[in-house]
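Just the one chain here, the form predicted alone, laid out as structure tokens.
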């Protein structure tokens, strides 16, 4: 059975650069880092023979062998623990969660061990913990979570969530090279979205962790967001432009550490801010960003900071209910128009 699966899912080395989807960009990045550095290896459920639940690791087993592409039992705690141990021995593990929802099973090792080793005795854990997050694909409450706020309160963890193919590749490469633990969120709705097919450079490149990106310049209002909601923000900005409102869209890319300089410079330019995120509103990153702006840029504000986020419920399975749960372009338009009139 395993031989059949191996032949069925075998794939050649991905192109270096060229036109790529979001998921292929991540696959390119991991593959190139494994070629560049023999200490890099992948570990997780079905990352080997099957090639990963979403095919991010497809072909890696055939190329690099079972010593560097390791299938594990269904135990996220064991995956995180093994990755931490390997990192302490000088390896650079890339650990996959089939769905990021189940990162909760590894929460203790991530927050009480990986995040604190450098602070406790100066031992760094150079490991990446990656997997698909997000809603909008009708996967129900156990396979749709956005977990960034679970970890924002833990010093020692870097948190990344890209929104473009270029950034996905550049950030996964930067995360693998980083000396500290990085949680790498990949919104599953973006994986094969035709809109995100992008021409990637053939040359080696990284995207610096901790730097936001101005996706659209504007002067009247700032939308600060990340992940799949960047597309929602850009669509809303196009509609608002027809109404004479010039909207700036900031893609955070890194959630910890936040790029406060880019955030505050945008606030100073537009004086009105809307923070958009997919996780539930209460306890979400939007509250932290609003607090930073209130503390450090209050004198530039012409209106209160507005948050647009999902409602405070688990993610519904029913497509109409999930659509109601998630922030939509209409929600952003309504909030932006109200903010513009303030």
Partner chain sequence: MKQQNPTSSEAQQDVNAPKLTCTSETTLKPDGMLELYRYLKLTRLVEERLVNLYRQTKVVGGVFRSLGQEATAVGSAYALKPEDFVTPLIRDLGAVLVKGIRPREIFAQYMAKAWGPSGGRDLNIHFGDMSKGFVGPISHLGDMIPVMTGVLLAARMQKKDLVALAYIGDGGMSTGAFHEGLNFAAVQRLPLIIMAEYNYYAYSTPTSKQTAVKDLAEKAAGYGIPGHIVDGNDIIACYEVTRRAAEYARDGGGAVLIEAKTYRRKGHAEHDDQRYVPPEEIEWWEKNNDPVDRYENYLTEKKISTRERLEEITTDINRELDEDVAWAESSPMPEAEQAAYGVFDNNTVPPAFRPKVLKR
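Numbering follows the first chain given and starts at 1. All values derive from a computational prediction rather than experimental measurement.
Below, we turn to the form predicted together with its partner chain, even though it does not appear here.
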- Item | Contact test, all of 21, 231 and 262, partner its partner chain in the model of the complex, heavy atom 4.5 Å | no
- Just one of 197 to 205, 167 to 175, 68 to 76, 242 to 250 has residues with a heavy atom within 4.5 Å of its partner chain in the model of the complex, so point it out. 68 to 76
- Answer with yes or no whether residue 298 is in contact with its partner chain in the model of the complex, where contact means some heavy atom within 4.5 Å. no
- Message: So, residue 294 and its partner chain: in the model of the complex, are they within 4.5 Å at any heavy atom pair?
- Response: no
- Item | is_contact(residue 287, its partner chain) in the model of the complex, heavy atom dist at most 4.5 Å | no
- Task: Report yes if any heavy atom of residue 104 sits within 4.5 Å of a heavy atom of its partner chain in the model of the complex; otherwise report no.
- Result: yes
- Task: Could you spot which one of 149, 98, 111, 270 gets a heavy atom to within 4.5 Å of its partner chain in the model of the complex?
- Result: 98
- Who in 132 to 146 is close to its partner chain in the model of the complex, meaning a heavy atom within 4.5 Å? 138, 139, 140, 141, 142, 143
